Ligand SMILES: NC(=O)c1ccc[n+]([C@@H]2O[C@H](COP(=O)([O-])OP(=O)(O)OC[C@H]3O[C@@H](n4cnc5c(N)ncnc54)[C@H](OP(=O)(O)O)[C@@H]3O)[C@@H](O)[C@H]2O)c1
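What follows is a single chain, given as structure tokens, in the form predicted alone.
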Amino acid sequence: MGPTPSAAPRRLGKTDLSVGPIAYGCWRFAGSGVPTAREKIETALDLGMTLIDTADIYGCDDGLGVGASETLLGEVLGDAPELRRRMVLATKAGIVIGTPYDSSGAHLRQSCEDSLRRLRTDVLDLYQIHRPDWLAHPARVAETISELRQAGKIREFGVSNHTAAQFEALQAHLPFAIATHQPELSALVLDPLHDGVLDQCLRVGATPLAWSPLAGGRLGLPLDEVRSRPGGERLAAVIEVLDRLADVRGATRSAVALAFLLAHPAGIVPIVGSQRPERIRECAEATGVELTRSEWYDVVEASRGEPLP
């Protein structure tokens, strides 16, 4: 039997960039030595996770400061330059501790230069606005991004945590298509199914990148622990469905949860962030799992907490 459709490479929007169906994210990447970090990156790349997604702010949640994740990834690339050629390198900017958002031209230009320096690369394959800045006019943001692209500092551009309307407002001022749309999306968080984000991706051909596709680890919790939590009924219901589907296939719960996202026609690329190579391998098994239409809707109904009409 050949590979499932879920295992096929996925094009980033209308660009010439193609990536594996699952991406590797570096939110919790900082804090280890270079050998450990390199093992995680090599494991991900060997498994076909060719989109490596980070952000200038990653590391702050762990008390390591701005740029910690990018700096460590840059050290890995300095230690093994050949890895750079195997990846599509993505980073994000626009969050400033204490502000909290800044998409002004001056800040984005400086952030891009800082990311290039920390990542030890000449160009960022995908540059993303991490969260929208309501004080930045989309025309000015588009002007800055266009300048960075024309200067060869970035190849393609995407947005993260933007509404469909914010995406449209920014796209209206850009002379090229926004490649990616990165919302929170998992079997537990289905907002993009209803708020227009996935519909927009289908309409304009942007690629959705799903952050927290395992609901921040909640989908990996033991069922007994979930049931004992206040208000844990919905999470328990989702886990029960995922476990039932996993048992039938001899697969892991995580693989089924990711396969649920891979099945959507928008070509969702889930971004997994496990810090253990064995867990990264487990996530990669999702590309070998296919759900029936009925099974897919079973997950949706469990997440909704009620039957579909």
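Worth saying up front: this structure is predicted, and the values here are computed from it rather than measured. Residue indices: 1-based, along the sequence shown.
What follows is about the form predicted in complex with the named molecule, which we do not show.
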Problem set entry | Non-hydrogen atom within 4.5 angstroms of the named molecule in the predicted complex for each of Y58, K92 and C283 | yes
Problem set entry | the named molecule contact in the predicted complex: A68, any heavy atom under 4.5 Å | no
For this session: Give a yes or no for Q275: in the predicted complex, does one of its heavy atoms lie within 4.5 Å of a heavy atom belonging to the named molecule?
Result: yes
Exercise. Does at least one non-hydrogen atom of G196 fall within 4.5 angstroms of the named molecule in the predicted complex?
Worked result: no
Problem set entry | G220 within 4.5 Å of the named molecule in the predicted complex, heavy atoms | yes
Exercise. Which of 124-132, 196-204, 228-236, 79-87 has heavy atoms within 4.5 Å of the named molecule in the predicted complex?
Worked result: 124-132
Exercise. Which residue, C112, A215, A164, V141, has a heavy atom that falls within 4.5 Å of the named molecule in the predicted complex?
Worked result: A215
Exercise. Does any residue in 181-205 get within 4.5 Å of the named molecule in the predicted complex, counting heavy atoms only, and if so which ones?
Worked result: Q182
